[in-house]
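Take a look at this one chain, the form predicted on its own, written out in structure tokens.
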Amino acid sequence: MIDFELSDEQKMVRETVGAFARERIRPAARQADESESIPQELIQQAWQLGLGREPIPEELGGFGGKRSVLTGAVAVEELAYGDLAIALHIMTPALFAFPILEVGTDEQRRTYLPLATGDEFPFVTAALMEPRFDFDPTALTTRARKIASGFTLHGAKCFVPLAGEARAFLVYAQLENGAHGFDSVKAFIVERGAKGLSLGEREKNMGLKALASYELALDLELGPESIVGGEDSSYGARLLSESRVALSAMAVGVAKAAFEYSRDYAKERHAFGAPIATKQAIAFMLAEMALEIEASRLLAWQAAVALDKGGDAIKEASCAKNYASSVALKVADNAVQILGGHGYIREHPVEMWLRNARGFAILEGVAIV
């Protein structure tokens, strides 16, 4: 039997985060996009919701709750409904903390999880994406070679969120140990100021302009304790699936925002004596948008439930991300069309949502739940 009913706790998370997204994030989104900065006060308020700290043990600064990928997916959908760039900023510390929590050694948890907790929003992040057209998260060109004193790390990363202020990074690299695919992808803990870690200028992107992201150049020598979980750990497939579920849920949030805005506009906009929502072309377009948003959410939830049951869900998460990414772009583009000339101007947010939605097709590893 398949049950699509959320628990009371998950409903509460949806209501709480949804209210914050509508009342605090959405009103700040346009100015954040224009100024390419997010008010620290807003980020701090979001941090108090506990989204990135809930599953971390209390003795390490978290709330000690049980981690649920489905609950996380519900939460980040609501955040992205407010604004995608702000949502990614808010969830960036989890990119660093959750992999260490899942597979890190006891010493790594004690040392580094406190960097991702505390009363103030923490600046820690992760680096997976690489600046090349054929980027493949299972075949990274950033290489880790084992040496007598630990490892050397060589390569380059792009779209690393909050890297300009980050105190520590998780850097993903291909371990040169003869293995292939997910088994050879490992995360390495790199602290700010490490010799051989070079930070580029802030990236200038088409969308997500409020999210500060950077390129990294890596020519490092690290100790053996830097590899998360040890050399024999295997977690690449599961972590990538958790990231893809997060991005799928965020894509649903963006699509939902664009759909609701264009639907409400179509109800109020009159042409030839009637709301344009009553015109068959518009009505059919809105109906298809609503259907595909629901389908995207169900795919994301299916992958999340599979992960919560202990699998790696690589197939489910891949399907969810691919479908939700295309739906978000299609729905945002339709929203621009429904608004007509108004859709192309900055007076309305649909053009911003279209620019942001375009990024889902290329984004990997920039969110996690």
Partner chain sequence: MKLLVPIKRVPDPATTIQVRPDGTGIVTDNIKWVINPFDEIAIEEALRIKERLGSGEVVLVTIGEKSWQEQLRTGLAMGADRAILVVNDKPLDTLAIARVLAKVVADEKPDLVIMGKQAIDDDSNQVGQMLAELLGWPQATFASKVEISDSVCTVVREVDGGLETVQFPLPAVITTDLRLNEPRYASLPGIMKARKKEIKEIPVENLGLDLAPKLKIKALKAPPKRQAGRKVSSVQELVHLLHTEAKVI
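Just so it is clear, the structure is predicted and the values come from calculations on it, not from any experiment. Positions refer to the first chain, counted from 1.
One more form of this protein, predicted together with the partner chain, exists but is not displayed; see below.
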Among 332 to 340, 50 to 58, 27 to 35, 314 to 322, mark the stretch whose residues have heavy atoms within 4.5 Å of the partner chain in the predicted bound form. 50 to 58
For a quick test of understanding: in the predicted bound form, does each of E288, E294 and L298 have a heavy atom within 4.5 Å of the partner chain? no
Consider E347 of the chain shown here, and say whether it contacts the partner chain in the predicted bound form, taking contact as heavy atoms within 4.5 Å. no
Report whether the minimum heavy atom distance between F360 and the partner chain in the predicted bound form is within 4.5 Å. no
Would M352 sit within 4.5 Å of the partner chain in the predicted bound form, counting heavy atoms only? no
Does any heavy atom of T71 come within 4.5 Å of a heavy atom of the partner chain in the predicted bound form? yes
Neighbours of the partner chain in the predicted bound form among 6 to 38 [non-hydrogen atom within 4.5 angstroms]: E9, M12, V13, E15, T16, V17, A19, F20, R22, E23, R24
